Ligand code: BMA
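Just the one chain here, laid out as structure tokens, in the form predicted alone.
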Amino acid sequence: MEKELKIPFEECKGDSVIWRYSKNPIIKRNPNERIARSFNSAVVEYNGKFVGVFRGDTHSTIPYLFYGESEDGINFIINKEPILFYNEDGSIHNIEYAYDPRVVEIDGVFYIQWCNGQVGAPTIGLAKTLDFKKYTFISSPFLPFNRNGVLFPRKINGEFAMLSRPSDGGHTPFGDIYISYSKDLVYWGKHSLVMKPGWEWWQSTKVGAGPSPIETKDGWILLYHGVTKTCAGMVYSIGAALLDLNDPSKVIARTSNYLLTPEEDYETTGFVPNVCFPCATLVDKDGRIAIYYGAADTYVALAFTTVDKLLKVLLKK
């Protein structure tokens, strides 16, 4: 949180904890001729500009990951060809499909986590890049079925830490968030439960980690999605939790009310209606936060909050 937020940060005009950018969505349908829809994507700052790993659903409806960049964090140009991942031996790593990426910088290396097709089943893929030009595949940390792999932005007690949501074959998915640890990003263990779905309806079906957690003196702020099942389908909303700094499996606090739920047309109407799905945050030295989230599995949208506002609602200050 040493940098100044270069995105045009809009101040809150009411008492909302999270509020939407007035010119949403920032990425609309068909951002180029290869991509029909882009959503659930990750943005970071690199070399004085904003770069992103974007989910792009192609016209075959199979999703892949695409690189994009922007001068202002709002107007992005997304490449027409998917990202190529290379194995350590220099060969191309085969990608069946890839979606819902997260990106985090740890000690000068950018790590990409995404839902990765493995013999037709979803699990987590993990890769790294130094320059967003060459991408090296590291591992598939967990067996299928798993989604929402999210690395912490630094090692905890000397080990990498990753949140994930293991599930069954998808017919009766359970939605618990777990944490796992690794010394080398290849072999993962020490799995333990972090959060189960809540009793509140908006998060009663499943929960999943969103962007990489934000470190504060009071704990790790985790933005997450909570899901409820209705007669019209699933509804995805955004909530927040506070995790212990030294043992993030301990939940210090958690919002009982959602902080953002589908209400605007671009969130309620689209390929999959009623979805707000956070994947990235940018945080500056003053604690201002820009949240990139997927809307209705069709658009990328932007919202804002602050560290103080999130801590206030979590700790009821």
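Remember, it's a predicted structure, so these values are computed and weren't measured experimentally. From 1 onward, residues are counted along the sequence shown.
What comes next is about the form predicted in complex with the named molecule, which is not displayed.
Of the residues Trp220, Trp202, Tyr111, Tyr99, just one reaches the named molecule in the predicted bound form with a heavy atom at 4.5 Å or closer; this is Tyr99. Val275 is the sole member of Ile35, Val51, Val275, Ile289 with a non-hydrogen atom within 4.5 Å of the named molecule in the predicted bound form. Residue contact with the named molecule in the predicted bound form: Ser41 places no heavy atom within 4.5 Å of it. The shortest heavy atom separation between Glu10 and the named molecule in the predicted bound form exceeds 4.5 Å. Look at 149-157, 99-107, 70-78, 132-140: in the predicted bound form, residues with non-hydrogen atoms within 4.5 angstroms of the named molecule sit in 99-107. Contact annotation for the candidate site: Lys206, Tyr236 and Asp297 all lie close to the named molecule in the predicted bound form (heavy atom within 4.5 Å).
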